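Taking the form predicted alone, here's one chain by itself in structure tokens.
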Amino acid sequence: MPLRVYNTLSGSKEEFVPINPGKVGMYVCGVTVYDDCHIGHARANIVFDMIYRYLRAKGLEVTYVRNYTDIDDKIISRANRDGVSYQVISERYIAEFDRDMARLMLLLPTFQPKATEHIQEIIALVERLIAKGFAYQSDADVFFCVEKFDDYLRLSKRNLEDMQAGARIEVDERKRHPMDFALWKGAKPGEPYWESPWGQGRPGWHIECSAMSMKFLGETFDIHGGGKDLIFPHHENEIAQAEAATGKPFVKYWLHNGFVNINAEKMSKSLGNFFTIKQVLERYDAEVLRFFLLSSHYRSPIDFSDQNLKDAELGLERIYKALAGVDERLAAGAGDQPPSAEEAELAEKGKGIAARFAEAMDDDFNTALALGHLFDLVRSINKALPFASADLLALVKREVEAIAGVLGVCDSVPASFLQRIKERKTSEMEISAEEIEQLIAERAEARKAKNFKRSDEIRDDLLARNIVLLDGPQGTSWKVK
């Protein structure tokens, strides 16, 4: 089955055929570096990291470019508020972004360009647009003339006349059309600037990505990605600038991830209903957040909640516990066992999991279905664990690890991950581990004295606090419910 992707430009799934056989150029819009990143940023970056990993796993040579917008109105405003230069703000939050992405186990892109390092390429692109009649100077600003570009708004499927009629845009006498957008902004007093043919100023947001993507990937490339919120105006304007300048198609496939919702509302800073990555990772393991964000199809909205994160944690625990069980059996020297139905089922699923995983991922990177296949295999592992041979267990473990590697999860030693999760759950308990152990010892004495009423009271009291007791041949252990 060939890889098929949903192309926002066509509004349909298409077979993915690289422009240059065996090679892929992919550009993903990075962050504007003026504050800590939130989980919306985490979703976009994890999604395209997953796509990057899968394309490479298919044997494609991927050039992955993700930029930093390090000059922008918001950066200047933050610098003025903090009483420092814009460079201090941008470098601070580039470093914070890099730390967040490393914790979320993202692979490094091939190139990570900064807008301020490509001012000459941006100026050259603006000059091309002016020379071709698609842009005009007004005072120290340069604007793109949207009426000159016939295919404007074909990505977002909007209508220019309808947008103009419903626009809530302050009248700007410098523009020929209310929807015209800035390619170059003249510097206001006290603002950072660069010299240009139009005077001192700085680039507009949209032109930065067009210039940087074409520098590293050429005037036409395979994939451009980002969140759905970037379709208009950012990606729409990128298309207009690039294609007006070159006369060539800009991007073959446009991929966009869905929103993160909080209480059924889109998460946004303007609504004040957002969580930073740091805030989430104070409570949950980074692998859990990554697993949660891949548990839904990347184009679908995903509901962020404490309960959904706990469900993701439980799911990841199930996989790790199965791997830990395999490790224990292999360490104990699992030998040949009499044939069993459980082992036969595991052999069938283990040998077929790679094909089922690929089929799911080839259907527009359907990680939700891919994880469903993985959980189905985990169920078979747990059933067959006492019966399976060492060779079969080793094969199944390799298959699970290969799938997990493409998704960027299960990168820890199973025992280490499970211990981290236990410590997290323990830290949120209303009762300490020491108190639990004391009550377990008291319960053991009560049972020895045949005081089953007290034994049951202790068990029920702990259960009410989400502590489950597990009685076994070696004694009583406990876990957080």
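Rigid core (definition): largest C-alpha set, two forms, superposition within 1.5 Å. The first residue of the sequence shown is number 1, and the count goes up from there. Here the structure is a predicted model, which means the values were calculated and not measured.
FYI, the form predicted in complex with the RNA isn't displayed, but the following is about it.
- Looking at residue 379, you'd find a heavy atom of it within 4.5 angstroms of the RNA in the predicted bound form.
- Contact check for residue 471: a heavy atom falls within 4.5 Å of the RNA in the predicted bound form.
- None of the heavy atoms of residue 216 is located within 4.5 Å of the RNA in the predicted bound form.
- Taking the partner from the other structure, the RNA in the predicted bound form has no heavy atom within 4.5 Å of any heavy atom of residue 81.
- Partner contacts here mean any heavy atom within 4.5 Å of the RNA in the predicted bound form, and among 106-114, 252-260, 86-94, 407-415 they occur only in 252-260.
- Proximity to the RNA in the predicted bound form, taken as a non-hydrogen atom within 4.5 angstroms, holds for one residue of 401, 311, 98, 327, which is 311.
- Contact with the RNA in the predicted bound form, judged by any heavy atom within 4.5 Å, is made by just one of 397, 74, 177, 283: 74.
- Site residues 264, 267 and 363 are all in contact with the RNA in the predicted bound form, judged by any heavy atom within 4.5 Å.
- Counting a residue when any of its non-hydrogen atoms is within 4.5 Å of the RNA in the predicted bound form, the hits in 434-472 run 443, 447, 452, 455, 456, 459, 468, 469, 470, 471.
- Residue 69 shows a C-alpha shift below 2 Å between the shown form and the other one [criterion: core-superposed Cα displacement of 2 Å].
- Core-superposed comparison between the shown form and the other one: the Cα of residue 467 travels 2 Å or more.
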